[in-house]
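Take a look at this single chain in structure tokens; it is the form predicted on its own.
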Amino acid sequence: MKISIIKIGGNVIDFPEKLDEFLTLFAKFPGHKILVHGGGVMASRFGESMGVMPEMVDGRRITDKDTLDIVTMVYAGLINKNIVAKLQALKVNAIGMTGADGNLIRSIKRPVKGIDYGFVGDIQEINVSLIDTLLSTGLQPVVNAITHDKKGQLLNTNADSIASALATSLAVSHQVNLYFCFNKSGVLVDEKNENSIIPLINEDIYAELRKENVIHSGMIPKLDNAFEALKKGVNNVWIGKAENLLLAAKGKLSGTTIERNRYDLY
């Protein structure tokens, strides 16, 4: 089975017109597909309105109890069900899921090693048989950034990590492509210049770009997850603007393609 894992970020979700445009493209995307979403921008806004200020370290959110309540309500409730309803209107038989639903994603609370991230989950297990069943019956999972520890505790989990973990777990028995869609044209040399796209990044290029601080903050976990996915058998990883998703699916030049060093492949 050929499966596409498509991750969308809060910078698209937060704008209704952009979200509608993306979901129209997603509905046209060929083959079996899974949509993964976060919603950090909206969660931060809701938190601030309730006096809970966001705290980030290297692009990852510190999640205390109040923050966990907020992200659960926003990710698993407002955003997820809004996306599912819109997809149903586009004749996509979507099903919204947290990691707790059907024991889809089991995580553990991240151990404290210098930084206490709070109720943040590190993924331990993906229920591949459940995904196979859903896809084989024509359902398209819409997975949000809340997982569980199978002991009754919900955990906030990086949506890029979820997309990567789904891709690598499914790659054992399927051909999997991974797409990270956000509000930029790709990985940029100058984040203010949409034309400064880096079309190809391998591990050596990535190391140099980090050294020069061209790549930093939220892009670091995204690329870390991309390379980890490739090492574990994912066929292709792409990062780019949401509206270029169909171009990427057709193999046309757009966005940034992530690949392993050539000498690692032999």
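Residues carry their position along the shown sequence, with the first being 1. Worth saying up front: this structure is predicted, and the values here are computed from it rather than measured.
Heads up, the form predicted together with another copy of the chain isn't pictured, but that's what we're talking about next.
Contact test, all of N82, A85 and K151, partner another copy of the chain in the model of the complex, heavy atom 4.5 Å: The answer is yes: all three residues contact the partner (heavy atom, 4.5 Å cut-off).
Candidate from L170, A159, A76, C181 lying within 4.5 Å of another copy of the chain in the model of the complex - any heavy atom: The residue from L170, A159, A76, C181 that makes the contact is A76.
Segment that reaches another copy of the chain in the model of the complex - one of 203 to 211, 221 to 229, 23 to 31, 46 to 54, heavy atoms within 4.5 Å: That would be stretch 46 to 54.
Contact label in the model of the complex: G96 to another copy of the chain, heavy atom within 4.5 Å: It does: once another copy of the chain is placed as it appears in the model of the complex, G96 has a heavy atom within 4.5 Å of it.
Contact test in the model of the complex: T72 vs another copy of the chain, heavy atoms, 4.5 Å: So T72 counts as contacting another copy of the chain.
4.5 Å heavy atom contact, V189 and another copy of the chain in the model of the complex: Output for V189 is no: heavy atoms all beyond 4.5 Å of another copy of the chain.
Another copy of the chain contact at D101 in the model of the complex, heavy atom, 4.5 Å: It does: once another copy of the chain is placed as it appears in the model of the complex, D101 has a heavy atom within 4.5 Å of it.
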